[in-house]
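Shown next are two forms of a single protein chain, provided one at a time as structure tokens under the names structure 1 and structure 2.
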Structure 1
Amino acid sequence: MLSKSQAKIFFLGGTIVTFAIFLGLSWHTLSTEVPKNTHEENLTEAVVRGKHLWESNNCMGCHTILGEGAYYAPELTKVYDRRGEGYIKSVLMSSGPWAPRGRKMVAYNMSEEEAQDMVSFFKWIGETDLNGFPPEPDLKQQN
């Protein structure tokens, strides 16, 4: 059976090797994959302003984006395709709580410009290559 010093070598060796591989793969991802998959050339100032709004209002506290966040409100990565610009803007600019099926959303009362920035953010993120997420509902009845 292993001695204590061999166990220590297993721990340190395993950690260093896997961490080095992780760093290498991360580098590859960040330098090559992410710019391509997220279409970084389309990352305009409006999109960045939209991301600021997304964070400063903690939208992730109810919704998910890229499948990450909370599970209280719909996933929004593809919301631009699903709902369109007009719908998104009217929700964000509403001065009363938006409450589909009784579940309330905070009334953000955004300005036209802010709502437009959010739309730009959703439009940009909706075009990201997500390896097929979210999946197509394959049991959906075709009408």
Structure 2
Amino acid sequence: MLSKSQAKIFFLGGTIVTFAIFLGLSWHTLSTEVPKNTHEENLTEAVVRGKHLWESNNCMGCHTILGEGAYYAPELTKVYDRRGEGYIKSVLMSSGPWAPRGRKMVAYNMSEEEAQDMVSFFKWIGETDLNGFPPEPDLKQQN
């Protein structure tokens, strides 16, 4: 059994070692893994403007991206791969509310440039290495 002073030293030593490991792993992730997975080199002004449009229009109030946001409307992380540029632009530039499957999306009536910026943002997000997220849907016919 440890004495009170030995237990204190054991606790403090373990805390310091664990904290050092945490800092080392955090540094490694932020300095090597994040830039490699997000393809930072592909960030353009259009992607940044698209991100600002995403935030200013509160798209996360209904949609999720990278697993974050609301669950009212579809997940948009891989929307560029699923739907393509034309579909995305037509939805964003529509002057009337978009209502697929009974859920209404606000009519943003974006300009061509704004819609293209959003497409650039979605394309960049879709190219991010997400380690298998979101999983591929099982589209096999059930008999």
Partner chain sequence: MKYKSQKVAYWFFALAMLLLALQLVYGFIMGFAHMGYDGLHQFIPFNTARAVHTNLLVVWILTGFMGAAYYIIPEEAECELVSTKLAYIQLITLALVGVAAVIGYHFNYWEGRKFLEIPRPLDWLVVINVLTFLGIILATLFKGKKRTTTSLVLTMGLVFAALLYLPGMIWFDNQTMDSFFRWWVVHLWVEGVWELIMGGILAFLLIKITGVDREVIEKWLYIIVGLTFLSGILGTGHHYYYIGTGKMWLIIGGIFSALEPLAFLGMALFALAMYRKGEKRHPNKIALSWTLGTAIVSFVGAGLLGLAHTLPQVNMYTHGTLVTAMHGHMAFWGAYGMIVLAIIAFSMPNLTGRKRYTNNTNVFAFWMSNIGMLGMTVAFGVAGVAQVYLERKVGMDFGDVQQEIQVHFFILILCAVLFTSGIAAYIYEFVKYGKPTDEAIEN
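If you superpose the two forms and keep the largest set of C-alpha atoms that fall within 1.5 Å, you have the rigid core. Fair warning: this is a prediction, and the values are worked out from it, not measured in the lab. Residue 1 is the first residue of structure 1, and the numbers go on in sequence order from there.
Here the chain taken from the form predicted alone appears as structure 2, while structure 1 comes from elsewhere. A displacement of less than 2 angstroms separates the C-alpha positions of N109 between the two structures, with the rigid core held in common. Positional change of S26 between the two structures reaches 2 Å or more at the C-alpha, relative to the superposed core. Interdomain rotation between the two structures (smaller rigid part relative to larger, C-alpha based, rounded to whole degrees) is 15°.
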